[in-house]
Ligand code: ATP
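Only one chain comes next, encoded as structure tokens, the form predicted on its own.
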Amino acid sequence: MNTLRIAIQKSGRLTDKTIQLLENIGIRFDGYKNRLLVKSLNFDLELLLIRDDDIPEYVQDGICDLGVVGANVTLESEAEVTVLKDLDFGHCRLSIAAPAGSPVRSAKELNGKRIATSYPVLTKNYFTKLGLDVKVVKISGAVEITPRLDVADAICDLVSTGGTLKTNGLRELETILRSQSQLIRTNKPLPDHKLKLIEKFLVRIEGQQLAENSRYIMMNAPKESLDSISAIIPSLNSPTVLPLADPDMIAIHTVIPISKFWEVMEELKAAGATGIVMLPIQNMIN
């Protein structure tokens, strides 16, 4: 089969974000909900929509060439795959938590205790590294309620905002893993056709990520201020300079990291820049 196959979560917190990423890099589908296999309309690629827990194994076995899955799932599965890129969505953390009324203040105080989790491998490995002997209780769901049911003394579970922990009377002790979505690749040999498709796919993703973290800015300034403004702008490349109707004025266009814009805006104004406009970028190739 020459078509590149990517495994993605059938339904859950990563599904819509993954589809949005694919659409943002120009890959189109004629619907995907309630379908197992979906072929792209304009790229030699198809999606296999499965449970996220199955994705690393499908990629490891070569059933799928690529997969989009949380780092926590890949590490828990211990699958032999290659991580190609962090995708910067689906951020969460795997944390140890105990009842708010418990005297326990750190994970090091849980020796000999019962730890309920849906991530027994990561949990066991963490406590082993601490030199502690705990009883890991594997739970498929609703991990946070186990201390109230006296099934466990503490839990190890995914946390996004911490609201669920507080609702269930739990206090976060320590984070053992920070996770986000990743693009993983099979270690099985792939034909040149697929390798070229993966290269094109990565270029598009990198361009999308660069665009999301950058902004196009335009400003007017006195000609004499060009050098000082150029020194202030943390641009990806040299700025574009255009003449204006006023011979003493110029227009400066450039791309800067969004995180830096508010830091330098006042400096730009102090250097003589006026009419500063910031615009989003749909996509870009560096």
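In case it trips you up, residue 1 is the first one in the sequence shown, and so on. Keep in mind that this is a model prediction, so the values were computed, not measured.
The same protein also exists as the form predicted in complex with adenosine-5'-triphosphate; that form is not shown, yet it is the one meant from here on.
Picking from 157-165, 107-115, 143-151, 196-204, which part of the chain touches adenosine-5'-triphosphate in the predicted bound form when contact means heavy atoms within 4.5 Å?
-> Selected range: 157-165.
In the predicted bound form, does Cys92 have a heavy atom within 4.5 Å of adenosine-5'-triphosphate?
-> Looking in the predicted bound form, residue contacts with adenosine-5'-triphosphate include Cys92, since a heavy atom lies within 4.5 Å.
Tell me, yes or no, whether Leu14 is in contact with adenosine-5'-triphosphate in the predicted bound form, where a contact means a heavy atom of each within 4.5 Å.
-> So Leu14 counts as contacting adenosine-5'-triphosphate.
Does the 4.5 Å heavy atom contact test between Lys223 and adenosine-5'-triphosphate in the predicted bound form come out positive?
-> No - in the predicted bound form, heavy atoms of Lys223 and adenosine-5'-triphosphate never come within 4.5 Å of each other.
Would Thr18 show up as a contact with adenosine-5'-triphosphate in the predicted bound form if we use heavy atoms at 4.5 Å?
-> Output for Thr18 is no: heavy atoms all beyond 4.5 Å of adenosine-5'-triphosphate.
Since exactly one of Arg51, His253, Arg35, Lys260 fits, which has a heavy atom within 4.5 Å of adenosine-5'-triphosphate in the predicted bound form?
-> None of the others qualify; the residue that does is Arg51.
Taking adenosine-5'-triphosphate in the predicted bound form as the reference, which of Thr186, Gln208, Thr123, Asn72 has a non-hydrogen atom within 4.5 Å?
-> Looking at Thr186, Gln208, Thr123, Asn72 one by one, just Asn72 meets the 4.5 Å heavy-atom criterion.
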